[in-house]
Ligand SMILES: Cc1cc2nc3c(=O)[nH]c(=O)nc-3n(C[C@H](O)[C@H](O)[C@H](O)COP(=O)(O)OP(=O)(O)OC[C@H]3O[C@@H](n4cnc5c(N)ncnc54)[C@H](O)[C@@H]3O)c2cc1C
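Starting off, we have a lone chain in the form predicted alone, written out as structure tokens.
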């Protein structure tokens, strides 16, 4: 065997798994198809060298793994500006906006508390379930808008039991937008990668796994590699795209087939100053129409800017259009909601994650198959010596960087348990 363990995919799950195994003395190598690490975490740079996160970015104090890792590498925390009012467009009276917000929270708690063993719930999408709830329509629409924004697919597509089970694992009591890193989340991925030295191989896509009683042989862009165990630290859909010999058993094939990618486009829009604060606005902006559009303040020392997320079906619509048209559309929407100064940006950095070659989408894959209630458990069990691991499968904060780190530690512990002599 060339290695004890090969980890495929250098997002935070793969980086964490590989570093944990290395620390335990395992002969491990981490293969990454791209020429960078981070997976769905990526940075872009403005002309003056200012870096911004084009992918995963935000976290909060209730996410201990991210907090600990950032402190370990001496990264500077930035508290997201949240003073002032949230902007709703079209405008909603303040009292009603608060009532809608509270109603959406209550509806979310009702969803989380659902009895997921109830057979009737297994036939419902998130949209179907919301339609059955005895709430006012603006609260129902607010809930559906939240689902679109956070899970990046239409509620009509998402299996309700998956959504409820997924949301139970998102346990923060402070806003998930509470914090970000001054030097970008992607720089933290680079920090972790640097500890691996030559155990990290970039530009090494894996295309096929041949599984035998002796271990696993991987076909890569440069030839064959062998290992006693393999960790596929990639999103479910990326794992589905690989070839397996022999073919995966039916229960694993069904589990992989249950997922579709999230769809999001992220724009960092730079301004001379955070002009929205002059009107006692936080910069957080929610659009009722179109659904799937959300903005927040991402300013820090020396940089003033807003992040705009285009999510779900709206992202799919804009994915096939020229980027310049989307930028014009977003600036127009910001001007309507926050004022004419929004038209005077100093630059825009956009990252379209829809149908991404190596991550398939963002923020995470989601389950749409209504009868795939055991898909996550099936993948977590895996088929040793092949193990599946990703933020989607995390027992804590699935779909977040926090969840990716937890998943990486979890799979590393599993691999060590199955390693001879350990």
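Positions refer to the first chain, counted from 1. Computed from a predicted structure; not experimentally measured.
Below, we refer to the form predicted in complex with the named molecule, which is not included among the displayed structures.
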Counting only non-hydrogen atoms and a 4.5 Å threshold, tell me whether 8, 34 and 363 all contact the named molecule in the predicted complex. yes
So in the predicted complex, does any heavy atom of residue 206 sit within 4.5 Å of the named molecule? yes
is_contact(residue 88, the named molecule) in the predicted complex, heavy atom dist at most 4.5 Å: no
Does residue 54 reach the named molecule in the predicted complex if we count a contact as any heavy atom within 4.5 Å? yes
4.5 angstroms heavy atom contact with the named molecule in the predicted complex for residue 388: no
Can you tell me which of 43-51, 366-374, 352-360, 379-387 lies within 4.5 Å of the named molecule in the predicted complex, counting heavy atoms only? 352-360
Since exactly one of 104, 112, 97, 242 fits, which has a heavy atom within 4.5 Å of the named molecule in the predicted complex? 242
In sequence order, the residues of 211-236 that place a heavy atom within 4.5 Å of the named molecule in the predicted complex are 233, 234, 235
